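First, one chain by itself: the form predicted alone, in structure tokens.
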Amino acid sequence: MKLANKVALVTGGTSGIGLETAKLFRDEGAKVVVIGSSEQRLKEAQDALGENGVALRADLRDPAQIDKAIAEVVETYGAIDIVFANAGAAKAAPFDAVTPEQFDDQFALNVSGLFFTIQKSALHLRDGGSIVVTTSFLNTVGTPGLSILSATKAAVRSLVRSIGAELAPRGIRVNAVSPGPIDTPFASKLGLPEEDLRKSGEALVAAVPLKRAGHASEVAKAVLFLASDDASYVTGAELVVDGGLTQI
């Protein structure tokens, strides 16, 4: 198994890409800790992962809660080998309707929360470990209504390079996976009316060369590659999983 005897931390791990990746990590031999904020989804994730998984509640906007969660992981398993920093949130709004609260909330989770999750985890990450973050096709295209989400993902793409440079002397690799339109609950959290969400989703899928939305399991396999020794000479990179949307 690719991750035998490894300890993996997955944020945003109670649904969608995060949960699918956590289950794949478990199936490949890892002990997995998922972090989420919904009690119901945490319970469902714990049930799905079984005895080789632990589900912890934390709001990653709060550095103190990150500290507490990392301390629990270390107390349980001693160290960490893999971090999949996947948690994120978005609120769709036209440029002229974005509020300071919306701006601050998205950056607090998508950028600040991700940064401090990595920073605090790195203290306990074994040399030679792997960090993978989730970016998005949105960091390469301009999309009306998603200016703040897109900006957070562009910031995260930059962090992959700079943090990767800082951790390279320890043999720790830092990479990103960049999903295109994926069939997960994320889009439903954008705050768009159901009909607008359906139309925009159909238009986006129509633009994909492969003419379909991707599945969370397909992204999870890309994350597994980056997290495992299969990608032992890959760092600072972004692996695009978007059906060719930004490439063709």
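Every value quoted in this text rests on a predicted model; they were computed, and no experiment measured them. Counting begins at 1, following the sequence as shown.
Just so it is clear, the following notes concern the form predicted together with a small molecule, a form of the same protein that is not shown.
Only one of 172-180, 68-76, 93-101, 159-167 lies within 4.5 Å of the small molecule in the predicted bound form by heavy atoms, and it is 172-180. With the partner omitted here, the residue from 49, 58, 222, 33 that has a non-hydrogen atom within 4.5 angstroms of the small molecule in the predicted bound form is 58. In the predicted bound form, the small molecule stays beyond 4.5 Å of every heavy atom belonging to residue 217.
Looking at residue 87, you'd find a heavy atom of it within 4.5 angstroms of the small molecule in the predicted bound form. In the predicted bound form, at least one heavy atom of residue 134 sits within 4.5 Å of a heavy atom of the small molecule.
The small molecule in the predicted bound form is approached by residue 17, whose closest heavy atom lies within 4.5 angstroms of it. If you check the small molecule in the predicted bound form, you find no heavy atom from any of 198, 200 and 245 within 4.5 Å.
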